[in-house]
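Quick heads-up: the structure tokens below are two forms of one chain, split into structure 1 and structure 2.
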Structure 1
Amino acid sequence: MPSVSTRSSVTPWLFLTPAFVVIALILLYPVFSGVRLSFFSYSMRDFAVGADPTFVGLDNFRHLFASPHFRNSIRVTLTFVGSVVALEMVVGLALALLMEDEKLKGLRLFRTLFVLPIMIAPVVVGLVWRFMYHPSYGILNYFLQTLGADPVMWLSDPGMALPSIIIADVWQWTPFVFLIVLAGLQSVPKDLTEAGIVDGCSYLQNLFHIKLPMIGSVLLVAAILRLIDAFRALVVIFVMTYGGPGVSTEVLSLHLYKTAFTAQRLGRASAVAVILLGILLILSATLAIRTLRSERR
């Protein structure tokens, strides 16, 4: 009887080879060459005239940490990431708890509608919010004025630009947290919460002692996924403010883009990339370990 072992041992590798080649050539090699380039001085000009990169050791990193511009972008990134993830987790969880009751009519429809912001291109999201934030013919200022409030210079006021971007991100990504948490809540066995009710648990007791502990790991994964994505966020900000006014909304990924294509310093941009990659690797390794553990179970 033929079994897997009598078949050619080359066969499995034939199936895996295309994936290996693509990952090695288009992901791993560029990442490694990017890390290598972060130790070199190399400009767009060097590239244009065909000059070789010059090895400078850790100079790029030293420059970065001494640069107020870079430190500002770290600060902006942390403010942005911290705010959006905290807000999205709280609002997403609240919405999921509101809609968890499966007897609610139209639940499926609402769940479907909530997918829309996630699917729409970041460019489009940026454009639409830029339109709504427009100081004179934006709809938000019109609403404010109707309510008797003063108009806000959403994107052109250095103090308001980052909060405005945070609002747009919360609009786009809260539904993502909501969907994950809702799926988690619906997988909590019904008898558990019913047992709580029979024993006279109040809604809040039920929530804090039964439901939340049951979906703890789901909440953690949702938070890590959002953290990773928030550190990567770029396009919506690119379209809405391009980092401005001044550098008040210049997150790390936008700083990277500008260092490469405006300042044309490819070596230094690679150093920014290494730092961003480091942050994301820590986050994604945490997630990978957790996922593999639950796979094995």
Structure 2
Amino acid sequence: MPSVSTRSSVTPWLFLTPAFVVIALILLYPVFSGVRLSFFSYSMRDFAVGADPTFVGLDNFRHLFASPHFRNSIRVTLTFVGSVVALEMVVGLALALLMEDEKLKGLRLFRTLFVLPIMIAPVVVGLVWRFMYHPSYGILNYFLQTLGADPVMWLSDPGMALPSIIIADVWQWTPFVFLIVLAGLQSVPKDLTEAGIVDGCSYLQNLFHIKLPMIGSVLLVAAILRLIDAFRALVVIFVMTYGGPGVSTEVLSLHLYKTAFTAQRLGRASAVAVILLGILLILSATLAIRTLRSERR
């Protein structure tokens, strides 16, 4: 008979096995199927008539990297993701530092108001900001005209469309970072910050040498979660610009959608998905490794 120690080490894995099976069926199998399909030529027409995919090797990837349209979508995606994650982390941290004091009056009301944008559906967010950016009836141009300025073509100007979408994303998802960072700040032991004050530390010294190092892992989690979600951004951009004007706001996820459902090239769309997954894994791993090394030092 197996020993008690053996049974105790095996029992947790037996309870976890059903969860692993479910994850493998729901998550891993579609990933492997998408990777496999990226090496085949397959279209909606082939799917409709029941034709088998045609193996083409790396041709889908060669076509993508030779396409200026695809390279532009990578550039737009990296610009969008880098901008929104950086702005949301900075603004979210600043708001959390302003509201970490539990003695502030109206703190619960402010927190509730900050959470509201997260609860709004992305389709609604896209429509609301599209109306706000309207060149004739939008509230932003209305205020500009009251100040004597000319109206701005927020979503029609290729130079303004992407910054306008970045503003909408920052508005919606900064509260997410704010809540995570605020929880991390409130978990910092008060005796550490009070000891720093007694030793003569200024507010900035207390912040950079005590608070931020203590919540480094929290900041890492918030950054990775926003990084992953920003790469998947689709609905708001779809509603606001559909990648336009031209392809100035066409991120990789929207390029994937158009390749799959407009051009109806499922194999090539799977190749886009594989590249998107690879970029995301590399950036997330790099961010995690650098943060862990800095915490060890």
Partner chain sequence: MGTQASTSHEKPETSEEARKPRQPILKAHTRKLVIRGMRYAFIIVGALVVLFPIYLMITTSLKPRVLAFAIPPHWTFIPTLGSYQIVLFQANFVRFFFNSLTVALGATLGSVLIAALASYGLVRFQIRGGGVFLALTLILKMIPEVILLVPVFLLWNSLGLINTRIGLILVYVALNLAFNIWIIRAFMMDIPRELEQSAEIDGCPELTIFSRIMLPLVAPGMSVAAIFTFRLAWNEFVLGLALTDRFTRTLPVAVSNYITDVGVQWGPITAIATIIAVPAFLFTFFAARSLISGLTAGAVKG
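All residue numbers here follow the sequence of structure 1, with the first residue given the number 1. Under this definition, the rigid core comprises the largest set of C-alpha atoms superposing within 1.5 Å between the forms. Nothing here was measured: the structure is a model prediction, and the numbers come from that model.
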**Request:** Specify the structure that is the form predicted in complex with its partner chain; exactly one of the two qualifies.
**Result:** 1
**Prompt:** Does the distance between the two CA positions of residue 66 reach 2 Å or more between structures 1 and 2, the core being superposed?
**Reply:** no
**Asked** After the core is matched up, is the C-alpha of residue 30 off by 2 Å or more between structures 1 and 2?
**Response** yes
**Message:** Superposing on the rigid core, I want to see if residue 86 changes position between structures 1 and 2 - specifically a Cα shift of 2 Å or more.
**Reply:** no
**Per-residue Cα shift, residue 287, between structures 1 and 2 [Å; core superposed]** = 9.3
**Request:** Mind pulling the C-alpha shift for residue 21 between structures 1 and 2, with the rigid core superposed, in Å?
**Result:** 6.3
